[in-house]
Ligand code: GLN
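There is one chain below, alone, in structure tokens, taken in the form predicted on its own.
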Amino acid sequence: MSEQKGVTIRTALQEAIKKLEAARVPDAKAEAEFLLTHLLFLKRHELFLDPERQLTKKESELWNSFIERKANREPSQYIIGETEFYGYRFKVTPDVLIPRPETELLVEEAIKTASSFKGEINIVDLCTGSGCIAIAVAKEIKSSNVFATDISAGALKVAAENAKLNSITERVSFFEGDLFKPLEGTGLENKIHLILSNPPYVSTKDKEILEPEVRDFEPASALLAGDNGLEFYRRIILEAPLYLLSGGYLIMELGYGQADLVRSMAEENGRFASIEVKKDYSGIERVFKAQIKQHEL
């Protein structure tokens, strides 16, 4: 007997879209196509070149699993186990925040800022999560040494796998602990050119208004930052001057509406000579950049 076949690509997509729409999944058609291209190792346009191709029994079973999970509002990146960031492939699990396109602006700013320094460049990435920022800047800034920290052992395991996946293990080091804490005693004080971070910045009161994909699946420790969402910014701004060398920079991603408050924190700190806030492509103030004052001789 021949192997029992599953449904066709056309039918699989039609039924999946209907189910995802009933579950109120945003962009149901695009999500279904994305998942099926991954499952079948096809480009999107190839789904429509042979719509009558039948899924095998194994493919059908996996497809049904994908759609059940997606209908439950699980992020597609967790379902397939990977995503792309700054042109590089990254493994993602529920231990890490899924890298966002807007975070690429932070990487771009880091690369541009690094060009103002000569020779070897030391970079710290706080709250590294999947390691996407640390790994992207290490790949793009060939003269860099990157020291990345995270309080989550699970996240650091994923980050280390991503460093290996992107062949950059020799210039990215991972440390487990809270913000700067694991860097104490490493001799990095006053030796860091760039401190980068996409810290948690969602206030606890805003948790319930997040989309289910974020609220119910992404790690709360990578999202929530106290009653007003500013807890990590305050701590980073306070401690960053201990590690930045003369003229070094602190660059952080900002949450919506937080720019003025974070700028005020840096101004009150008194250790920063210049402060800038850059907008993303939607006009939202997204990247905070502050240069430490030149150290007095």
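Start at 1 with the first residue shown and count on from there. Bear in mind that the values here come from a model prediction, so they are computed numbers and not experimental data.
The same protein also has a form predicted in complex with this ligand, omitted here; what follows describes it.
So, a 4.5 angstroms cut-off on heavy atom distances: do all three of 107, 111 and 276 pass it with respect to this ligand in the predicted complex? Result no, not one residue of the spot touches this ligand.
So in the predicted complex, is this ligand close enough to residue 151 to count as touching (4.5 Å, heavy atoms)? So residue 151 does not count as contacting this ligand.
With the cut-off set at 4.5 Å between non-hydrogen atoms, does residue 130 touch this ligand in the predicted complex? No, no contact at 4.5 Å.
Residue-level contact is defined here as any heavy atom of the residue lying within 4.5 Å of this ligand in the predicted complex; does residue 253 satisfy this criterion? The answer is yes: residue 253 has a heavy atom within 4.5 Å of this ligand.
Does this ligand get within 4.5 angstroms of any non-hydrogen atom of residue 202 in the predicted complex? Taking the distances in the predicted complex, the answer for residue 202 is yes, it comes within 4.5 Å of this ligand.
Would you point out which of 166-174, 95-103, 139-147, 152-160 contains residues with a non-hydrogen atom within 4.5 Å of this ligand in the predicted complex? Every other range fails; the passing one is 95-103.
Interface residue in the predicted complex among 222, 183, 121, 79, criterion: non-hydrogen atom within 4.5 angstroms of this ligand: Spelling it out, the residue with a heavy atom inside the cut-off is 222.
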